[in-house]
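In structure tokens, the next block holds one chain alone, the form predicted on its own.
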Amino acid sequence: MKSLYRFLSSLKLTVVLLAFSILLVFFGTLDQVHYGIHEAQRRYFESFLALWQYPSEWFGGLQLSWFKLPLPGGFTLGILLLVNLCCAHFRYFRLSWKRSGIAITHLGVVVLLVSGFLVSWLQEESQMWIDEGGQSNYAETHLDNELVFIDRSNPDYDEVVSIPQSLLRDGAHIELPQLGLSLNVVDFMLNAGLGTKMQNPNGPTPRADRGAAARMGLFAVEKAPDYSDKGINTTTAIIELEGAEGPLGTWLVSNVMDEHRFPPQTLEVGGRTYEVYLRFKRTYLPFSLELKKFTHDKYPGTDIPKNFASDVRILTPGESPQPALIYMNHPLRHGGFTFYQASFGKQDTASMLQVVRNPSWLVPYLAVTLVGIGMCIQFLIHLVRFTTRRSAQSRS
């Protein structure tokens, strides 16, 4: 037990972990070329084990593309660094006011490591598009999808049952007792190409026998996922539905067949009508934003952007509308969400806001403050001791 404690508190372990951290950042940065920022972050820094593969486009890539280098992922390194720091602190540190700054600094580093885990687990990012004069009460992300069944029979609200993409795997069986349904995932494709038999007679046989895909003769062919920062995967699934009275057919659902571009695919279950979509994952807000005006200023005589701004109103049920202006480096914080001005479209008549929800956003600030206070205290302690010693030497 003592040997394990000495190992976990050793400076050698600190050096090794920091060296692996440098390697992780290096190879993770290299793989951003292949996977984009979000996927590289997930594979290297939000995992316990990362695997770097020799790129085929590098020198000798055809012969060396089999080479894979395993690395401890960000979660593994973070946990070990946290344990190492705590063990070393209790092994070497002796409580004294002369070292109080070091103790506060160590506490700040511990809080900083913990904040990294909290941000990774709790932070959610999505986008909200609003046209001038329009409103929106939800944000969506193209990095994730959900299969939804929507009952619009109530004039006051829609009843939505959502199944996360993480449950949609080949061969998965999902029970939906609230709908009186069960579904089997026949085929799930993270990215696919869609086509019709009319346009491509040599294409594969359509597998759907119900819904829009059956009427159009639509088929799907799996493609390699697109991890580029601006790439959007056409996520598609072939599902079989079954109700209490028997099979309800085979359906093709895809995130390009959303409610804005395709007529709804509907099915009757127990006397109720449901629309079924595979769409980008949505986060609904307890309030709405109305875009009064979007402003896109440029430097005179150039096309260089000078300023983007969204003049919005916050519409909360039962409360008076609140005006707000969102522009670059000046986000709006409301209701636990932060809205950043991100982009625009439709000839400057639509605004895209980056919506971030991070319940732990104050923790990194607390950590940095503790580290700063600790370093200042330790510096002042040494400064006072130094000036006191110099004064004593001068008097002698």
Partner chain sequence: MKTFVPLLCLLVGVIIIGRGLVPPNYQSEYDVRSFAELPVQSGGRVLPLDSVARNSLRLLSGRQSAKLPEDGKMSAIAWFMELSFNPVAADKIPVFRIDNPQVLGLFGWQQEDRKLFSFDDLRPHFQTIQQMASQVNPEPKLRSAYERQLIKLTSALMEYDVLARSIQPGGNLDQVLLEYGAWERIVEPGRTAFDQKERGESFDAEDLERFTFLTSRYLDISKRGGFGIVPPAGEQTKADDHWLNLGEALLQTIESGQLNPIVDDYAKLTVFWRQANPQGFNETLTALHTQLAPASPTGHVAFEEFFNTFEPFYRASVLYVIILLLAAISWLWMPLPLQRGAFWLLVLAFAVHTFGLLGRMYIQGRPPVTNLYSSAIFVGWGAVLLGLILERIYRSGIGSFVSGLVGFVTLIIAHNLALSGDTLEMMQAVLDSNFWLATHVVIITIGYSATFLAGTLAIVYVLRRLPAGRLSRETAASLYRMVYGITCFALLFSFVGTMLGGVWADQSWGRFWGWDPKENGALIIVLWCALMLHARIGRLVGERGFMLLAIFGNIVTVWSWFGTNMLGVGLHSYGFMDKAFFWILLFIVSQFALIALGLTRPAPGTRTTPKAANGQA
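Numbering follows the first chain given and starts at 1. Quantities reported herein were computed from a predicted structural model and do not represent experimental measurements.
Beyond what is shown, the protein has a form predicted in complex with the partner chain; the following relates to that form.
- Remark: T14 counts among the residues lining the partner chain in the predicted complex, judged by a heavy atom distance of 4.5 Å or less.
- Looking at R333, you'd find a heavy atom of it within 4.5 angstroms of the partner chain in the predicted complex.
- The partner chain in the predicted complex is approached by F308, whose closest heavy atom lies within 4.5 angstroms of it.
- Residue contact with the partner chain in the predicted complex: L64 places no heavy atom within 4.5 Å of it.
- Of the candidates H89, R210, R279, R99, R99 is the one whose heavy atoms come within 4.5 Å of the partner chain in the predicted complex; the others do not.
- A heavy atom within 4.5 Å of the partner chain in the predicted complex is found for exactly one of Q123, Q322, Q135, T283: Q123.
- Annotated contact segment (heavy atom within 4.5 Å of the partner chain in the predicted complex): 366 to 374, selected among 48 to 56, 345 to 353, 64 to 72, 366 to 374.
- In the predicted complex, the residues of 294 to 323 lying within 4.5 Å of the partner chain by at least one heavy atom are, in order, Y299, P300, G301, T302, I304, P305, K306, N307, F308.
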